[in-house]
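Below you will find one chain, with nothing else, as structure tokens; this is the form predicted alone, and questions on how it binds or moves follow later.
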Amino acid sequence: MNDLLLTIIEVLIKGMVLVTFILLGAAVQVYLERKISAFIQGRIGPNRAGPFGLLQPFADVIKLFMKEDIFPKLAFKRFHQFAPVISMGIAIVVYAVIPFADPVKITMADGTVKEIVMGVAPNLNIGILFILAMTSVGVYGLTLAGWSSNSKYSLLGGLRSAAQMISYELSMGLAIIGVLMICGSFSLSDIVTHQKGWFWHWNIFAQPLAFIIFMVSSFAEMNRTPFDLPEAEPELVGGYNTEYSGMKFGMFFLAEYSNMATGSILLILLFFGGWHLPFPQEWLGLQTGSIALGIVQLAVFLFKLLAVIFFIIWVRWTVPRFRYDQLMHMGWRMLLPLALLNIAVTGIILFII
């Protein structure tokens, strides 16, 4: 009974820390988005709220809290209110199976050694399937938002989002199969462990085509430019969130940046060695399972995460938006055949080896 109680307390503490990390991470991404876009466009960016504008994301949240929650007269109220909850909930739930470092071993007072995993449930042996399943459910939030608003702009945005996610999630899942064939496991921890050692063990070198397909599909899944058709301002005003204001709009905003971090984390775990350094960690002289090694691995993980997020933001402010026919053409007639080809080539190579 005591072990069960301790386990529940540990999971609750990890959950609260994880939610705090997600919220602060979204604030950091908003700040980076503003600063990097300002740098690319030759502007200064936020520089009023706090030193160097660091408090600007928090000022944005306070503004959203103070905004009036406008509700369209002809909208379906229950679904209209529930849609942002679905998007935000799914965006948080997927983090439950994401590992952030190797387990840390701590010696207790009675001499027993307790292993603390870096995540809520990172050793789930179907972790990658869980994430794909949850991201599939996430599209219901956007579709419900577009339908329940009773607005043609919102409805078109929701339909675009559903079609886009269905089209590119297929290519994304097939791209991951090549990695799973090499690593022989659905567990994200096992996939990262398989890439341990020198940087040429990373899956980006073994599966370069899968990496390109997964990266492009991730942009489409995240609704990021050049695949932000569900929110295309010139033709749809704001897409599925046109009729939202206040914190309901803020929840969609937060879910979008949480999904951007999720896509970046998956790229790191699947193709860039996860939390491993580009050289054997034994060179650091740190013992496996030590707290010091755990801190180093977390720092490496965060550095890679910031680098990928910088790239995603850079693409947004550099590449123009695709037309919708180009979006569908790329998903069904380019990425899907290439993903199937990658699976066939990987299988042949593994059979020969």
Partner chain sequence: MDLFEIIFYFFAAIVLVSALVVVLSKNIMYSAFSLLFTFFGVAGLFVLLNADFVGITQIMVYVGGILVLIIFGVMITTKVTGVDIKEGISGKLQYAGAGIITLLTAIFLSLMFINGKWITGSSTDVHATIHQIGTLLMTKYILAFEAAAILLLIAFIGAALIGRRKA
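Residue numbers count along the first chain shown, from 1. In this text, all values refer to a predicted model and were calculated from it rather than measured experimentally.
Although it is not shown, the form predicted together with the partner chain is what the next lines describe.
*Asks:* Does any heavy atom of Met134 come within 4.5 Å of a heavy atom of the partner chain in the model of the complex?
*Replies:* Yes - in the model of the complex, heavy atoms of Met134 and the partner chain come within 4.5 Å of each other.
*Asks:* With heavy atoms only and a cut-off of 4.5 Å, decide whether Ala206 touches the partner chain in the model of the complex.
*Replies:* Contact with the partner chain, no.
*Asks:* Using a 4.5 angstroms cut-off on non-hydrogen atoms, would Phe186 count as touching the partner chain in the model of the complex?
*Replies:* Yes, Phe186 is a contact residue.
*Asks:* Looking at the partner-bound form in the model of the complex, is Lys114 within 4.5 Å of the partner chain by any heavy atom?
*Replies:* Lys114 lies outside the contact set for the partner chain.
*Asks:* Taking 4.5 angstroms as the heavy atom distance cut-off, pick the stretch from 194-202, 277-285, 219-227, 82-90 that is near the partner chain in the model of the complex.
*Replies:* Checking each option against the 4.5 Å cut-off leaves 82-90.
*Asks:* Looking at Val104, Leu267, Leu155, Ile212 here, can you tell me which has any non-hydrogen atom within 4.5 angstroms of the partner chain in the model of the complex?
*Replies:* Among Val104, Leu267, Leu155, Ile212, a heavy atom within 4.5 Å of the partner chain in the model of the complex occurs only for Leu155.
*Asks:* Heavy atom within 4.5 Å of the partner chain in the model of the complex: which residues of 126-160 meet that condition, in order?
*Replies:* Residues within 4.5 Å: Ile126, Leu129, Phe130, Leu132, Ala133, Met134, Ser136, Val137, Tyr140, Thr143, Leu144, Trp147, Asn150, Leu155, Leu159.
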